[in-house]
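Just one chain is shown here, as structure tokens, and it is the form predicted alone.
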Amino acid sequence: MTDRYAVFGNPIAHSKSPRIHAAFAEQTGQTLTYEAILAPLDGFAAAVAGFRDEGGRGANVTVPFKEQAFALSNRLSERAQAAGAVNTLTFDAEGVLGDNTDGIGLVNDLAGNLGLELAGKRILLMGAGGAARGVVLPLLEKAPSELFIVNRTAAKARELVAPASLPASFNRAGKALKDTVPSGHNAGATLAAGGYADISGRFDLVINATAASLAGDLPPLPSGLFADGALAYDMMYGKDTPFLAFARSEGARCADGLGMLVEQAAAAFFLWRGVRPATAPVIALLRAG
């Protein structure tokens, strides 16, 4: 019987995941099916249970169900615990393993596809919601000199980095939280947060994890934000956002989130199949339309 996988969301018709995983399967010689499933807003758990009962081996989860997927999992990876959300489910004899591949997808796109060395860099992360939370730990693990999280509501950003509200994985990764940075991490790394008025200095990487691009808005960023050779990264993909237009006018190079989408899918594919697909050909395939 062919192994079945799926992505759950609402809405879901726009999802590129079936095309991505079909390309991965063809490339790696894996026999599987992958479908998009529209789950009712009040029926996510039941939809997942039905899929699993019918032989489903694993699933991706997108908006608005990532927190429900977290609650549904009886085991969680460290990165899922840090994110407080799950985008990848694996079904096995022990139950449901929840993981979050968003952060590693971002990091792999930045380092592997865009050639950005993160160690020792100043990073500005815009947003304090689930998209931002999912990438904090993987970014810290790359030993930047500073990760500053900014949000229109500064208190939300500060809540995100408050030691009392963070899992142990955050405390181990950020020197600003505790002096317990593990071997191989940048002992000088700092994790801090505030409002847009608190931004100071220039950054090597600025990441937009807010919903502003969906609304066609530009966060209130100051001029002179980007260091020489800086990268502006918008997690949204498929259109030139106001943030990227602003960054370009400031002399930064720009990238959208399509590579992150493919890289997080590749990490999920590896979890399920034990095979790591090449992502560059799939990114090129999607860019071509």
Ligand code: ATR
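On a predicted model such as this, the values are computed, not experimentally measured, just so you know. Residue indices: 1-based, along the sequence shown.
One more form of this protein, predicted together with this ligand, exists but is not displayed; see below.
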4.5 Å heavy atom contact with this ligand in the model of the complex for all of E117, P138 and T190: no
Partner proximity in the model of the complex: G129 to this ligand, non-hydrogen atom cutoff 4.5 Å: yes
This ligand contact in the model of the complex: P219, any heavy atom under 4.5 Å: yes
Exercise: A80 in contact with this ligand in the model of the complex, heavy atom 4.5 Å: no
Contact flag, A212 vs this ligand in the model of the complex, heavy atom cut 4.5 Å: yes
Per-stretch contact check against this ligand in the model of the complex, the hit in 105-113, 87-95, 71-79, 145-153 (non-hydrogen atom, 4.5 angstroms): 145-153
